[in-house]
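As structure tokens, one chain now follows by itself in the form predicted on its own.
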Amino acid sequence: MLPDKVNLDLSLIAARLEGLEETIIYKLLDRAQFCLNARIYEPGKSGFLGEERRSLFEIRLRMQEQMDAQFGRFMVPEERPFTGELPPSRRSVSLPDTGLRLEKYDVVNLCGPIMAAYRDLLRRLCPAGDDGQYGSGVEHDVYALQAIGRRVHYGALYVGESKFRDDPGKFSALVDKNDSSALLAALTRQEVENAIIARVRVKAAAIQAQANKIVRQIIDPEIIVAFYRDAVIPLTKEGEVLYLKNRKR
């Protein structure tokens, strides 16, 4: 089988997305072990001299992405940066044929709404208050955000291309009409979404079942389920629409 056919096999894509959902659950549970610590999101309170305009969270995220960029992370289609003006890769990176049909991967970039959804989630995910664990808080924020971003963009790109190839006539016609609502409806598989949500619920509970409650915060699985249902899945489909509208013919 040709490499692009392997990449675009919908059952394999679904399996990879399932693996990514486990990563997201773990990362969110790790962040939930620390208080909200609102101070880390306030500009001028980072503790960094000369950084009056940025928060500790913003500084940590930018430094992480600057390093990642130099290692070539953002040359991978599903790895979209949350910050701009990053240095070029210092590595020579050669990627196999993805089968994707985009001139520039960044035309499908949902980082803004992912960030907004994540920041909104924190108020429900983390205990209220301030435990002083600022460095740990922003470290886990960055890892959680990157995992969510990877999942959303991977689904948007590869599911979008795979579904197009299943019925190119239908999707080409909808793109020609510039009918985003009809595209969204055509991309939606409600039974698949229901299965994902049910699986996330089971995993979020199972992962915590053996946790030592003396040292671990136990999070209501419905908080993570709601985030998946109301943010991860809709943003992935929004990305699929963007992909199809920008896909090279």
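One-based numbering along the sequence shown. Because the structure is a prediction, the values reported are computed rather than measured.
The same protein also has a form predicted in complex with a further copy of the same chain, omitted here; what follows describes it.
In the model of the complex, a further copy of the same chain sits within 4.5 Å of a heavy atom of Q146. Contact check for R151: no non-hydrogen atom falls within 4.5 Å of a further copy of the same chain in the model of the complex.
Interface residue remark: E22 is counted as part of the site for a further copy of the same chain in the model of the complex, having a heavy atom within 4.5 Å. Although the partner is absent from this view, D9 stays clear of a further copy of the same chain in the model of the complex, with no non-hydrogen atom inside 4.5 angstroms. Proximity of A195, P221 and V232 to a further copy of the same chain in the model of the complex is absent: no residue of the three has a non-hydrogen atom within 4.5 angstroms.
Looking at 112 to 120, 126 to 134, 174 to 182, 153 to 161, the stretch with residues near a further copy of the same chain in the model of the complex, meaning non-hydrogen atoms within 4.5 angstroms, turns out to be 126 to 134. If you take 63 to 101 and check each residue for a heavy atom within 4.5 Å of a further copy of the same chain in the model of the complex, you get M63, Q64, M67, D68, Q70, F71, R73, R90, R91, S92, in sequence order.
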